[in-house]
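Below sits a lone chain in structure tokens, taken as the form predicted alone.
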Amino acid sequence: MGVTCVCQVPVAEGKSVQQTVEQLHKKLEQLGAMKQGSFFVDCETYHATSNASGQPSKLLYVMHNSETPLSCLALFEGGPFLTADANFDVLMVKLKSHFQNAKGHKVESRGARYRYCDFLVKVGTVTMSSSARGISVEVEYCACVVPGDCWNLMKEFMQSFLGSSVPELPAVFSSKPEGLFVPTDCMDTMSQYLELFSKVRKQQVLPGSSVR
């Protein structure tokens, strides 16, 4: 896995979520990007059923990514996290006396996957409760694993199809103790999706955003 940036792209003025997604597809195809199937990332939220200490309970997020179909990630709010196999979902059902699924809080992003030279681009529609809540764009530079060595190149590439919506350097990279020159891993990508999904949960439902 290379250096990855995940960001939320605003819906174009006067356009729907789907129309904006189609615009992004068109821009990528005009650059010469080739469509390579589809992708999804999802997130289920769980909360502790009891807390003997009297302190506020941390939420537990269980996330899946189509790039790693045989595993899932479990992240406690504020850490720690673990990587488990796909049967972890079954374990969570058995732990229902300790962790309850927060119904209606599942968020997912699904969409098309594009390849352009050493870049992998995923444009997804973010949905919650069958309603489109926004657009996610994931850009991975597969030829490098050190953010500080390739961020300027990634930013230049993203400007070619995102224009002024290019994000800043993801906080997950700069917050590491050793700074920008620590190799990335899949946790960095999922942390960015979790941050995006958390913002989406707080947003208003977009007009005419029902997903069929």
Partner chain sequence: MADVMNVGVNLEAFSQAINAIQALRSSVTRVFDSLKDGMKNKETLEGREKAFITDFQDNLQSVNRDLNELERLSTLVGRPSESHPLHNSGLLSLDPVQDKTPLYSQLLQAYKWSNKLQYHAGLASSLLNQQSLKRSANQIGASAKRRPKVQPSTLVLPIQYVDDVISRIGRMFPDLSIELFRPNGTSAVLLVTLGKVLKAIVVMRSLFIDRTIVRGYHENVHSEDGKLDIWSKSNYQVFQKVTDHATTALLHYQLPQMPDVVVRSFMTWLRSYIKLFQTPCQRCGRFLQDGLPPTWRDFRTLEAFHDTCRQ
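Residue numbers count along the first chain shown, from 1. Keep in mind the model is a prediction, meaning the values are calculated, not measured.
We do not show the form predicted together with the partner chain, though everything after this point is about it.
The candidate stretches are 150-158, 36-44, 168-176, 58-66, and the one lying within 4.5 Å of the partner chain in the predicted bound form by heavy atoms is 150-158. Although the partner is absent here, C117 sits close enough that one of its heavy atoms falls within 4.5 Å of the partner chain in the predicted bound form. Among residues of the shown chain, C144 is one whose heavy atoms approach the partner chain to within 4.5 Å in the predicted bound form. Residues are counted as partner-facing when one of their heavy atoms sits within 4.5 Å of the partner chain in the predicted bound form; in 1-33 only M1 qualifies.
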